[in-house]
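As a starting point, one isolated chain is supplied in structure tokens, in the form predicted alone.
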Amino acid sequence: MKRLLLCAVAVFGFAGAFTTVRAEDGRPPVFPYPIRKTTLENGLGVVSIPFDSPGIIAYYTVVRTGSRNEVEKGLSGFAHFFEHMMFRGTDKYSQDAYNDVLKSLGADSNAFTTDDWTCYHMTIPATALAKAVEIESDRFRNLKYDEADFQKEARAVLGEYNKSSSSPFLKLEEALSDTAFTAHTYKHTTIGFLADIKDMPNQYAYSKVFFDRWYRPENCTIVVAGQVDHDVLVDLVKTAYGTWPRGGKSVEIPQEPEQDGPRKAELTWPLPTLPILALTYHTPASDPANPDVPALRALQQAVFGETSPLYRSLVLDEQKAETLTAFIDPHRDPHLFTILARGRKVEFMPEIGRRIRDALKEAAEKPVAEDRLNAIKSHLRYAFAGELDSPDSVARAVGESIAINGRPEALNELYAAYDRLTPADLQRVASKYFTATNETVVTLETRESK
């Protein structure tokens, strides 16, 4: 038996086990399905989440590369660019042939890019697993494009930017990132700096460097959720991807220094739009082992959620704000807690800003009631669990955990950390992070031809 196990490890690199970590209070983990993991010798991860979804699977390829990895000056936007290029085809499956296969399978297929990862996903019949492994391994290993293809897709990215820039929120996001960060690559948005996108058609040679650096097995994980047999999946993946060579390359991501004073940017918009105020504060990376991470997410609900006193007064009762929201998205490196308010009139904006800061100050001075914190914990837990209703949503949740934390277990670790929160934890992080020296403010108002 032991000899067989050693042989299996030699073939597959590392064979993982079911993930069934229970919460400290004995409750079942928030993620209800078993997870099986295998790592091939070339570093490619293979993860399956078998559960009752008769005849359907989601097939995800997680690439731990996003705009965070774009370290060379003047060359932002290439992670998102390859989200486009990966559909250009290979010698075996041209772009049209690849699309024909997807149509024949009735596949729901797409891709997306974030600051930290790029994801290629499809929902298909379970019987099509072997074909999915074949066509996906082919395009990851044998992507083919010439300079004309490259330039055509680079101009398509510029078109996508121009379309998105018709919304004031792209300009707002760009200004927030550019002002809040001085060194880290989170300074640019996922689509990249406009100047870099305009220059992208001239960077064909660099595109080859970027693809060779990051589209390697040790940087990727195959995640399959639904009606799937792990051993069958691993056999198929090993056959198709097993000889894909490691790249062994990396870059140093610049560290962001601690912010040493308030920052501000004022934007104008040439067309009529409601005024917007954004306040953002640097926060730690999304490591569930850091108790500040779950505390900040609970604080987000306590101070800015739809049941919070501030939301009820500004949005519902007084109707001075059309929108009030806060978010702290998962990131591999330290990122931001952002508060966004869209006022109904320009003259309301100073008061809205003051009341947001007052609410944060109160959170630092006065602990949230125990029963309210318990309600927030319950909301976080069951809102997440309620989303796990399809192979696609299950694969997405596991894929994000792998992309951000490098392991699917981090999912359950985060929700176990929520269970340990006390009112004092929320009070502590409110005092620690929402300070004037850690604040960046961006405003946007309509002003014609300034």
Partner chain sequence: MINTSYLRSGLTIAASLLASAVGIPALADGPADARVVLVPSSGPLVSLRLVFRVGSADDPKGKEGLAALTAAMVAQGGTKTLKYEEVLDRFFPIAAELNGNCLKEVSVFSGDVHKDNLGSYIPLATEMIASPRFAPEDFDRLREEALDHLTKTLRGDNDEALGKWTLQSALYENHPYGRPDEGLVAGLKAITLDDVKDFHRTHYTRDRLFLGLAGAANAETVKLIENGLSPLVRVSELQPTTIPPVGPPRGLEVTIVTKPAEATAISIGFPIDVTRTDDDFYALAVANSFLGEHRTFNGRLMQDLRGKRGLNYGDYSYIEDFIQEGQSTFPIPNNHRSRQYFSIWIRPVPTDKAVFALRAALWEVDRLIEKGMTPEEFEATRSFLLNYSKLWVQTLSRRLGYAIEGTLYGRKDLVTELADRLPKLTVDQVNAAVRRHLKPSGMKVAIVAGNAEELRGLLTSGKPSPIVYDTQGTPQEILDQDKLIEVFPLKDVSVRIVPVEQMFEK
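Quick caveat: nothing in here was measured; it's all calculated off a predicted structure. Positions refer to the first chain, counted from 1.
Another form exists, predicted in complex with the partner chain; not displayed. Remarks below refer to it.
Contact with the partner chain in the model of the complex, defined as a heavy atom within 4.5 Å, is made by none of E218, L267 and E370. Note on contacts: among A285, L274, A364, V209, the single residue with a heavy atom within 4.5 Å of the partner chain in the model of the complex is L274. Distance criterion of 4.5 Å from any heavy atom to the partner chain in the model of the complex singles out R312 from the list K249, R354, K144, R312. Picking from 150 to 158, 210 to 218, 255 to 263, 229 to 237 the stretch near the partner chain in the model of the complex, with a 4.5 Å limit on heavy atoms, gives 150 to 158. Contact annotation: E322 falls within 4.5 Å of the partner chain in the model of the complex, judged by heavy atom distances. With a 4.5 Å cutoff on heavy atoms, G192 does not count as touching the partner chain in the model of the complex; it lies far away.
In the model of the complex, D358 stays away from the partner chain, with no heavy atom inside 4.5 Å. The closest heavy atom approach of K92 to the partner chain in the model of the complex falls outside 4.5 Å. Along 333 to 350, residues R342, R344 each place a heavy atom within 4.5 Å of the partner chain in the model of the complex.
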